[in-house]
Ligand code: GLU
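Below sits a lone chain in structure tokens, taken as the form predicted alone.
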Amino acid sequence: MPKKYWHWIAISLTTMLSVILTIHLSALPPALAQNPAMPSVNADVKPNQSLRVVTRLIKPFVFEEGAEIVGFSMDILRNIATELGFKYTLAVQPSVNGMLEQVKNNQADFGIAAVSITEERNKDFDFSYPFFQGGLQILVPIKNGGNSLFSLLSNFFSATLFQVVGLILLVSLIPVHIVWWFERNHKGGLVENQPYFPSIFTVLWWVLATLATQAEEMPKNWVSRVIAIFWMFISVVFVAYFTATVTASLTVQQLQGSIQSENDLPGKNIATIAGSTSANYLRKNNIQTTEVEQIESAYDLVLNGQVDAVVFDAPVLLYYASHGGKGKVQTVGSVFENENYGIVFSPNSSYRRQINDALLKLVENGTYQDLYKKWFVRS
């Protein structure tokens, strides 16, 4: 074949390939057409890479011990870092909202503490596999449900009790003066030929002793004896009324303000952490809430009697009740509003996959169980 034909064939093939390539590139998204090899924003974790981690102080997950930050979540983080071979710098925020804000603004690669995985948060963030299952619980001062002698006496000497005693003393003055009047001139009477003072107190003692069925002698005048019999019947009514009133008063005072479960929360003033899942729960159920920034402030409020109880994450309250608040507070009721804690990432973070793999390894090799026993199983 002549060379000129080969020349035209070569030109035709070149033109055809150029047209095909142009059509193919024009069908791609602009960003890929301009830079098809552009890497993702978050690359995989590399050995000795330094990641930015944000947390917050919340015992027993994260707290300061001397110059070191320790806790269950910190042990989890340390083991994940060892497994994946990365280093990290730690930033402490005062609240969950502060943590989430740093992750959202890409000021931290991920956050770990005691962050609940919720539907609302899942819209704006990605979470790791749950590394702790918890829920909400109630913390109350021990004096609210205690059986101490002081608590018993404070309930017994109530305003209602004094009202009943005062009524009995007032009514007693009637038989006291009738008996005194007839006994003072009767031979061998209770107060024969004695002046009003102090003989009236002798008769008063007899009337009160009769009320308690402890009188040792009886009046001599027949009118006084009729009054005595009548007073004995009245005494039965008074004793029954007194017993019923005091019992009801003690029962009401024990029940008023007592909290045994989440069903007792309405009508009470409850302290919790602002922006937490517990605050959302209380608000949703129209329960009066005092919101604070730090859990320690909530502890102070309940110990000082400024609130009726604290509602917050169960493991946090249990840890405080068995450590710093031992003998002062107690948890009541069962865990409600079950929730899971996870490590929080910005959406589509590639770190999530590797950290999830590391979490699974911690469970499989028994490390997670050892850490859980260390922080949550008392010896």
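The first residue of the shown sequence is 1; numbering continues from there. The structure presented is a predicted model; accordingly, all values stated were derived computationally and were not measured.
Beyond the structure shown, there is the form predicted in complex with ligand GLU, which is absent from this document and is the topic of what follows.
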Would ligand GLU in the model of the complex be within 4.5 angstroms of a non-hydrogen atom of every residue among I138, D264 and D308?
no
In the model of the complex, is there a heavy atom of ligand GLU that lies within 4.5 Å of any heavy atom of T277, even though the partner is absent here?
yes
Heavy atoms within 4.5 Å of ligand GLU in the model of the complex: does Y320 have any?
no
Since only the chain is shown here, I'm wondering whether V329 would be in contact with ligand GLU in the model of the complex (any heavy atom pair within 4.5 Å).
no
Please run the contact check for S116 against ligand GLU in the model of the complex: heavy atoms, 4.5 angstroms, yes or no?
yes
Tell me, out of I80, V302, I273, I112, which residue has a non-hydrogen atom within 4.5 angstroms of ligand GLU in the model of the complex.
I273
So which of V96, I287, I178, L204 reaches within 4.5 angstroms of ligand GLU in the model of the complex, heavy atom to heavy atom?
V96
Hey, of 45 to 53, 348 to 356, 329 to 337, 308 to 316, which bit sits against ligand GLU in the model of the complex at 4.5 Å between non-hydrogen atoms?
308 to 316
